[in-house]
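Quick setup: the structure tokens below cover two forms of a single protein chain, split into structure 1 and structure 2.
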Structure 1
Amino acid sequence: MKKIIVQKFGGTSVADTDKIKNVAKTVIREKNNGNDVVVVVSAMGHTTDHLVKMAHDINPNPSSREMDMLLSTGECVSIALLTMAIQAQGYKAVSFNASQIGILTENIHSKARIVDIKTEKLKKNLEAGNIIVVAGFQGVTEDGEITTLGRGGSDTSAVALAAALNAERCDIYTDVEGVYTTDPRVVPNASRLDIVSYEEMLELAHAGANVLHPRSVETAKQYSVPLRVRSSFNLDNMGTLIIGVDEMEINKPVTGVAADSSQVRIVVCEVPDTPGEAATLFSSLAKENVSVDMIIQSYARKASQTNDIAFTINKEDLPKALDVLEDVKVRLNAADVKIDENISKVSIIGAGMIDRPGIASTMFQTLADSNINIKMISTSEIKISCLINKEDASKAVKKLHEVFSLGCDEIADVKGTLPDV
């Protein structure tokens, strides 16, 4: 029985017809290695941005259902063109959108999660010798409604397909050579990592490393799907392999440094210090699908019996969050809601940090020596994150990358920009 390899190509890899032809060669190369191949592609280049702009030119507040109908068309163009390119080279290929296969999702528009994938049609076509090209980013509900998976949806589509088909691995092709210790555009001598654990990659993705979306890594970890991040332009470079931490040998306490400037900090001031207030606040945000990252509650003020609750969210969720908070402020009898957009979350990540004393103090001292003020701190077993002013983010990344000896002697060769996932 042939091994199944799932390949995913992002928008920059299929930005024009020449690049699509290059992707076809990459797909055929894998087929010629004796494997069955399932390919997942995103919309071409900036197609999604263009569709969003057209939608808002017509209606400043379009419905999420119609936006999903619109945005799902971008991937349909890509899969048809790539399939034609493969066929032009004399190979059997067929394209499918999510509804044709049965990539079933929740009945939620714009941020749906995959709940099941029907594999009968996929397996039948693989047995017939076809290369299968699937539209990423989209799904369909049980009652036939088109949905999209949100940012990073094509990565998630690819990993979910690999899990459903029990694939040998899932290759994520980008325009960089793999996963680096930090953004090579900020630190030119950033090192490419040969191997990273799911846990480290998940934390790196959450911390702002723009290579894989966290949901795709979560899915890979859950179903033990080996991931490989590879370059679309250098097929001989095997990139970065992402596997379970039990299969790795940990050599360094810190694997990477990441900065995320896409968040905002919200402070709900003078919330009554009584049971249930925090639950009311965060359950209200959850109902509107607003995800919260860092959370800090201050000590209660004895005089007023109140405290402040500070947290961070993605900047794109701010309009929804503000609508929720206007109501919650009244319900909680809070004094005020303050917004701070001048922030960046800087994180160090490494499975080797577990039971290794001194890592946090080194990070904090490095930031202090660089005259960088820390606004909030959050930790996990393998991550320490600090909220700082946005203008200090690049300096913080450079200093932390240096102090934890993550650089290499050679300057990283970064072709193009980091990928849109």
Structure 2
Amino acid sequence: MKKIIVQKFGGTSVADTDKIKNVAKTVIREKNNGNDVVVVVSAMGHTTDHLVKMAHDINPNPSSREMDMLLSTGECVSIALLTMAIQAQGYKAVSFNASQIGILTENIHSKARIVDIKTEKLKKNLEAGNIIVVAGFQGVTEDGEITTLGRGGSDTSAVALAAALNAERCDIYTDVEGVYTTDPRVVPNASRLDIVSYEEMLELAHAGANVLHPRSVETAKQYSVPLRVRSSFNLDNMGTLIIGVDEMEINKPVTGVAADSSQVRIVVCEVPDTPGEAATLFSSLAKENVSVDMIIQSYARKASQTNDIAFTINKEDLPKALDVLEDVKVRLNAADVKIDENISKVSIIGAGMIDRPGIASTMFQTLADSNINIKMISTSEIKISCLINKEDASKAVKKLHEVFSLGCDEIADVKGTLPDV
């Protein structure tokens, strides 16, 4: 049996018809290597951003079901055009959306998880000699509802397909030449990493390095899918390989720096200091599928016997969270709920920081020297995150990148442009 290679091309790689023709060549090159090829594509260029903007022009709080109906159309355009481009080169190709294949997800709109992928149709079509082009980012529930996997979710579609098909590897083609020590748009002399562990990549992705969707890394780790991030525009560069941490040699304490400006901080003030209050607050949010990231409960004030509970969530979830908090505030007898949207989370990540003292203090000192105030701190074994004011984020990333000696002499080649909406 032939080996199966899954290739994924992001929005910049399919931004116009010339780029789609270029992608067709890359796909055909893999087919000519003697492999079966399954291709996953994103919506063209900034299509998804424009669709989001149109929706909000029409309705400031659109229903998540209709958002999924709308956003899933972007990828449907790309698959048909890419398939036509491959066919124009004389190769057999067929496109499928998620419903046609059976990319089954949970019954949650806008950030559904894939629960199963039917492979019969895919295998039958590969056996018939077809290159298969699949719409990324979308799924379908058992009862036929269209879902999406969260922004950037086409990476996860690709890795999940690679796992389901037991593919040889999954190549993520994008607009940079691999995974860098930080976003090369922010720090042009960021270094490209040849190898990075699943564990570090997962932390980087969660910390805002949107080169990979976090769940794609989770899935790759779970099913041991060899994952490569490489450039659509420079096929000579093999990019970055993502593998298990035990296969790596660790030299530096910090592997990368990331910033995430997509969160908001909520403070529930003066919550009575009695058992069960935090459980009530966070279970109410969980019931509405609001994921919470950083959490701080303040030291109880003796006089009033109350705590403040501060936490961060994704700003997309703010309207839902506010609905929940209106009711929870009364149930908890809390004094107030405050929202801070002017925040950014900066993080340093590295498997090399385990058991190495002084990394956190270097981070805090670096921020202090730059006159950057820290609003919240959270840590894991291989990550330290600080919440700071949004306007300080890019300065913080640059300073931390410098202090942990992550730069190189070259300037990264970045093809795309930042979203313009």
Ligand code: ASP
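Rigid core (definition): largest C-alpha set, two forms, superposition within 1.5 Å. Just so we're on the same page, residue numbers count up from 1 along structure 1's sequence. The structure displayed is predicted, hence computed values, not measured ones.
Only structure 1 comes from the form predicted on its own. Core-superposed comparison between structure 1 and structure 2: the Cα of D57 travels 2 Å or more. Core-superposed comparison between structure 1 and structure 2: the CA of T47 exceeds or equals a 2 Å shift.
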